[in-house]
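Form predicted alone, single chain, as structure tokens, below.
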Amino acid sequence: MELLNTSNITMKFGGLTAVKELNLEINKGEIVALIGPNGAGKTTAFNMITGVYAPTSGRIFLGESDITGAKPHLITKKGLARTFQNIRLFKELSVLDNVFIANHLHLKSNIFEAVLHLPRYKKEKKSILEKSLFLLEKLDLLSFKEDKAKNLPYGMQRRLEIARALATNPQILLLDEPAAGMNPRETDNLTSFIKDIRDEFELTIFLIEHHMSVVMGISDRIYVLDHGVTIAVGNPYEIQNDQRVIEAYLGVSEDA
């Protein structure tokens, strides 16, 4: 079942084409990676899909919903959540509060009910607290629940950001360089962690990542961008042996 589809999405900034006619097809339950050298257009692609940018041309579909140019919070409500390369947490708030706040996207009670602590709000608040604690337990963060987010080790901050994304009830989770800043041990743990949350929460995962050990270790399929253009699509073995990909990453000598 196809969950995310982009049809010839293009992003231009003045005379610069950052991404040209990108076509993605991501099926339910897959782990798909988007890779390429620095400046290839990967984050621009993520920003179009998540509503940060409206594509210059092309369409984006989440299931049967056309989400092209929709606001980020509306896209999130439809079931697409993301993390960022630069961690974006409420650093002065507790670990629990960070996840608790993310749940409010789906609140049905209004501010009037919240201020007066009316029954519907109290029931929802209890449910959100239980869900937040459940997510912290599943992501091995429960023992840190009262700690300020800024005091967590770096790898745990990454987990917390993912916990917040999971609190929005996504169908598909976009991870923007989840291994950035991690040491080798944390990077190794991340590979199994991503697989585990895919299975535990029945997710589809789409990620940008520079660590090839992570990409090759977890991806069902890989898209490769170079200067905004798709140069290869395939499984890890096919990508590792694609001459165009090798040249994009390593260059090619004049003799060659």
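Predicted model only: the values in this text are computed from it and were never measured. We number the residues from 1 along the sequence you see.
Form predicted in complex with a small molecule: not shown, discussed below.
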| property | result |
| --- | --- |
| Candidate from Ile49, Ile194, Ala40, Leu207 lying within 4.5 Å of the small molecule in the predicted complex - any heavy atom | Ala40 |
| Residue (of Thr187, Thr68, Thr230, Thr44) lying close to the small molecule in the predicted complex, criterion heavy atoms within 4.5 Å | Thr44 |
| Non-hydrogen atom within 4.5 Å of the small molecule in the predicted complex for each of Phe84, Phe90 and Asp220 | no |
| Phe134: touches the small molecule in the predicted complex, heavy atom cutoff 4.5 angstroms | no |
| Touches the small molecule in the predicted complex: Ser127 (any heavy atom, 4.5 Å) | no |
| 4.5 Å heavy atom contact, Phe13 to the small molecule in the predicted complex | yes |
| Non-hydrogen atom contact Ala18 with the small molecule in the predicted complex at 4.5 angstroms | yes |
| Partner-proximal stretch of 32-40, 198-206, 211-219, 59-67 relative to the small molecule in the predicted complex, 4.5 angstroms, heavy atom | 32-40 |
